[in-house]
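What follows is one chain in structure tokens, specifically the form predicted on its own.
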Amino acid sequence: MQKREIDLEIGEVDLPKPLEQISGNEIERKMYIAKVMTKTLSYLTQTFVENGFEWLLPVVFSKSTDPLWPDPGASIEKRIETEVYGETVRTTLSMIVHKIVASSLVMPKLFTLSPNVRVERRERRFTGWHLYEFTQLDFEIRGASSSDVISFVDSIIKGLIFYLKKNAREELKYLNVYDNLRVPELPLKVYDRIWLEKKYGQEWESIFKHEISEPSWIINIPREFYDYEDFSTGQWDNYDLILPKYGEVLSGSRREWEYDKLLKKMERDGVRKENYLLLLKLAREGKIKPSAGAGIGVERLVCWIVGSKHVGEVQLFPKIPGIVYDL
């Protein structure tokens, strides 16, 4: 949406305060949210390791990062660039290029807790769902299909909720969300974006999230050059996971790996090829392998679990669009 985005249910929420301005019950609530965050990350990282994933450390600066274009959902006010040793580098928008290269060359199954710096438009502070700095649990699987990833994430979501209901009972009870947090039945439902557009129109996502009672998948979304697109049918082999009342918490796809397609899509979409020379070189040499993966917004996931009205509440140092606190 290109106009001011206000959540249909959250509306005008009180913006989270900086840590030094809260006291009493607010501090106690922050403490309980932090405990849920810790147990969520503990479960997720342990589950990835147990499923054979290698843990990749994050990248902060790089010459190549996600263009976030031409995804219509992107809303970047400013891209942060600086100079390091005479070269222009950018803060990480997402580690998608790194994941594709790493899974192709070294780690067939990998995950990382990646910082994302996306200076969103200021009016997005009102959505309750956007931050200008956040963390993604990014993962990639060489040779995987979209259905492989969707099934894996289904099991993770179900397992996480079951784990928290058992091991974070005190915290969830204090936050008054224990009874409403239900372990979902699998498989989670899957909807095609074209069907949703026909039913709800162009504002389908802001409406759809209020129509569902459990996390649900949306597939076939026109997006960046690295998401796999079937030129013969116009179908995109990608997926988003939508949380009830909140919105998108995961975005992913089967990846493009063939040089000719990558080049053609970059040229079609106006993506600057000079920012992706290494990716193109490796693809031309046949070193980029088919893969699929996704990124899970950690703060968004915990926001939904604990029932926060603004995702910035789950950060000790909130990074809200249009607001810069001291810490």
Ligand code: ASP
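A residue's number is simply how far along the shown sequence it sits, counting from 1. Everything numeric here is computed off the predicted structure, so don't read it as measured data.
We do not show the form predicted together with the ligand, though everything after this point is about it.
J.: By the heavy atom within 4.5 Å rule, which residue out of T135, T127, S94, S104 makes contact with the ligand in the model of the complex?
T.: If I apply the 4.5 Å criterion carefully, the residue I get is S94.
J.: Have a look at 228-236, 213-221, 185-193, 94-102 and name the one stretch with heavy atoms inside 4.5 Å of the ligand in the model of the complex.
T.: Of the options given, it is 94-102.
J.: With the partner left out of view, is L301 within 4.5 angstroms of the ligand in the model of the complex by any non-hydrogen atom?
T.: Flag for L301 set to no.
J.: Taking the ligand as it sits in the model of the complex, is G247 near enough to touch it, meaning that at least one heavy atom pair lies within 4.5 angstroms?
T.: Flag for G247 set to no.
J.: Does A294 reach the ligand in the model of the complex, with heavy atoms at most 4.5 Å apart?
T.: Flag for A294 set to yes.
J.: Which residues from 52-80 come close to the ligand in the model of the complex, meaning a heavy atom within 4.5 Å?
T.: The stretch touches the partner through D66 alone.
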